[in-house]
Structures are given as C-alpha cells and as structure tokens.
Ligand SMILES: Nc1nc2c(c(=O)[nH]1)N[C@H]1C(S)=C(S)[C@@H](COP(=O)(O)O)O[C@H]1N2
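In the form predicted on its own, a lone chain appears below as structure tokens.
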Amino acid sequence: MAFQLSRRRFLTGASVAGSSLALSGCDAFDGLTRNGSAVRSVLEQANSLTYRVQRMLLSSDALAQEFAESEIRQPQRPNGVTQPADALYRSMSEGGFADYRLTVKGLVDKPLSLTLAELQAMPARTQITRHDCVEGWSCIAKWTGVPLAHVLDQAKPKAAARFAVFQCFDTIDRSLSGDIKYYESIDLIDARHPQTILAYGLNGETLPVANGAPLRLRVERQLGYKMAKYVHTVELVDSLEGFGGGKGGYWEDNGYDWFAGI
C-alpha cells in the first residue's frame, strides 16, 4: 500500500506540473505552445510518454482505493460548470430528466438510446472513492451508477473501437464559430475497468445538477477533469481526431495531459 500511495502522489504531482506549464496564463507562452511549435511538440511527446509509463505502472484491473462511509466528511465539491444554461438541458432538468436519453453510437453493432430509468434498472455499482482535482483539492464521496462496461456490452463494440468519447450538455466556452461543449475521452481499457461507472447517485441521493445530473462519468484512477459531467452521448471511435482540437478533451485541447492517471 505504501508503494501505491507514493506512486499516486508522484503521478498526481507530475500531471499537475505538466498541466501548469502548458496552461500558463502568461502571454509569453502563447506563441510557444501554439499548434506546430517546438515547445508544444515536446509537451505532446511528454504526454505520450506519460501514457506509456502509467500504463506500465497501472495494471488494467488495479483498483483505486475505496473508503469507509465514515470517511465522507463533507459534501462533494462542485467544480467547473455547475448550472448549464443550455436550453435543452434546462428543459430536461425542469422535467426531472424524464426526456433524457443516453446515446451510445459509433463503432458499435447495436446503437443505443437509453432513458435514465433504463440505466437505473441495469446492474449498479456503489463505490466510495476520492476525487482528486488538478487544482490541488480532493474529496471523498459515494457514487452509484451503472458500470460503463455493462452499457458497452449491450452496444457490442466493433473490433476497431479504441476510445470512448463522452459528449456533454454544458457549454464550457464560446468562440466565433459558436458554443464549445465539454467533451472527454478514455481508452477502452479504462472504459471497461470495474470502477468506471456512469453515475446517477451521490452520497445516497439523486445526483445533483451541480455535480453533473443526470449522468456523469466516474473513472476513479484519473484526475477529476476526466470525469465528464452532463453526459448525453458515448461514441466509440478508433481515433480522437475530429473531436474538438483532436487531443481527446476540452482541457487536453488546451494543454492538459490526456492520460491523467493517478
């Protein structure tokens, strides 16, 4: 256990340090980190190295630490967008998400459109884990949801599928071309991990809007920005190109590590 904890601290620190460099707010770095620049190329190579090293350190079935209920000492801290202003989301929220559908598509033999009630009727997993934010804080909470592996089994992924891309309702930014929606991705190794769930419950209650209702991803061996909130679509793909900036997630498009393992 001592080795696991020290490794967790090392990997967390390494990810934070790398992300802080890439996302420095200083204007002096703007040109250095543009696409095609030498510095950005070095950072992207470092991200690839981080992925390979962490895959060697983390076996595909190693579990994140789980805690006793007595160790939940505060509510789960909301972060990022906590009240999506998007019209479709607000309409569904006002209706108790009765009209919500999770779409599963892409490289699957059986595309799915699942109601929240259908997801809640599937086999469930409850786990008490620690959420580690790249900003430096952590929080222990109890999450309940359907294992993503079970959903994927219903959709029957094709052999070419390598990644799961999560598309979300919340607008995280805006550009001249329109709203930029939050998105994230993981590989199918993490997608099938037993602790990777699509959560609809938090601390024994319905998942609050501030924490990602009606459905959010929990991928417990990675940093918090990987755990997309307000998820409406899971798309299986063989490449991350064509989504956002092609780096696998909103924050990754802005310099964060794609494989944020801890």
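Throughout, we count residues from 1 along the sequence that is shown. Values in this document were obtained by computation on a predicted structure and should not be read as measured data.
Not pictured, yet referred to below: the form predicted in complex with the named molecule.
Engineer: Indicate whether the named molecule has at least one heavy atom within 4.5 Å of a heavy atom of T196 in the predicted complex.
Structural biologist: It does not: once the named molecule is placed as it appears in the predicted complex, T196 has no heavy atom within 4.5 Å of it.
Engineer: Check whether V234 has any heavy atom within 4.5 Å of a heavy atom of the named molecule in the predicted complex, and answer yes or no.
Structural biologist: It does not: once the named molecule is placed as it appears in the predicted complex, V234 has no heavy atom within 4.5 Å of it.
Engineer: Taking 4.5 angstroms as the cut-off for heavy atoms, does R192 touch the named molecule in the predicted complex?
Structural biologist: No, R192 is distant from the partner.
Engineer: So in the predicted complex, is the named molecule close enough to G80 to count as touching (4.5 Å, heavy atoms)?
Structural biologist: Yes, G80 lies within 4.5 Å of the named molecule in the predicted complex.
Engineer: Considering I172, V108, L112, I72, which brings a non-hydrogen atom within 4.5 Å of the named molecule in the predicted complex?
Structural biologist: Selected option: I172.
Engineer: Can you pick the stretch from 85-93, 99-107, 156-164, 126-134 whose heavy atoms fall within 4.5 Å of the named molecule in the predicted complex?
Structural biologist: After filtering at 4.5 Å, what remains is 126-134.
Engineer: Is it true that F243, N254 and W258, all three, sit within 4.5 Å of the named molecule in the predicted complex, judged by heavy atoms?
Structural biologist: Negative, none of the three is within 4.5 Å.
Engineer: Let me know which residues along 193-218 have a heavy atom within 4.5 Å of the named molecule in the predicted complex, or say none if there are none.
Structural biologist: Stretch hits, in order: A210, N211, R216.
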